[in-house]
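Take a look at this single chain in structure tokens; it is the form predicted alone.
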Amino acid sequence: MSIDSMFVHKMWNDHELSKMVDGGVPFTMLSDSGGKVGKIYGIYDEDAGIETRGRFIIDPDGIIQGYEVLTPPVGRNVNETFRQVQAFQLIRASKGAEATPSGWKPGKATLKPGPDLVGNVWKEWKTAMAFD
């Protein structure tokens, strides 16, 4: 979503994104004309009429689970976004019985939250990273 029009989104997808992602982005881009949604999330600069680049991961209950806000000169990593969404999905499916260590990827070892993990995360992380 951005304050750009649907026409700008189409041009961006057709001339840029489709060259970076086969077939373009696999979701509909939305236009936030006037920055109404950006104001809610605190990324719309009303004086300048622009939005800062932000990524918000919102769970099915409408709760923000993660976010990242960057200034325009710094690019984002869509693979990291996908990795985080997969991690949040796994945690939600496990009802909190699992946690993901730094750099976790699907199929890799997870952590089991509890008193035994306190002071031992480094051991679990080291073991998980050894198989990367």
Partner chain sequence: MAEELKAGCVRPTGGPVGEASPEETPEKINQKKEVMSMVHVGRKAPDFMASGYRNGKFISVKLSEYLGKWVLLCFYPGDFTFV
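Given the structure is predicted, the values throughout are model-derived calculations rather than measurements. Numbering follows the first chain given and starts at 1.
Just so it is clear, the following notes concern the form predicted in complex with its partner chain, a form of the same protein that is not shown.
Colleague: Verify the flagged residues R83, E98 and P115 against its partner chain in the model of the complex: is each one within 4.5 Å by a non-hydrogen atom?
Modeller: Judged in the model of the complex, none of R83, E98 and P115 sits within 4.5 Å of its partner chain.
Colleague: Are any of the heavy atoms in Y44 no more than 4.5 Å from a heavy atom of its partner chain in the model of the complex?
Modeller: Answer yes; at least one heavy atom of Y44 falls within 4.5 Å of its partner chain in the model of the complex.
Colleague: Going by a heavy atom distance of 4.5 Å, is S94 a contact of its partner chain in the model of the complex?
Modeller: Result no; S94 lies far from its partner chain in the model of the complex.
Colleague: How about T28: is it within 4.5 Å of its partner chain in the model of the complex, going by heavy atoms?
Modeller: Yes, contact at 4.5 Å.
Colleague: Closest heavy atom of K10 to its partner chain in the model of the complex, within 4.5 Å or not?
Modeller: Judged by the heavy-atom cut-off of 4.5 Å, K10 is in contact with its partner chain in the model of the complex.
Colleague: Going through 62 to 76 from first to last, which residues have a non-hydrogen atom within 4.5 Å of its partner chain in the model of the complex?
Modeller: The stretch touches the partner through G62, I63, I64, Q65, G66, Y67, V69, P72, P73, V74, G75, R76.
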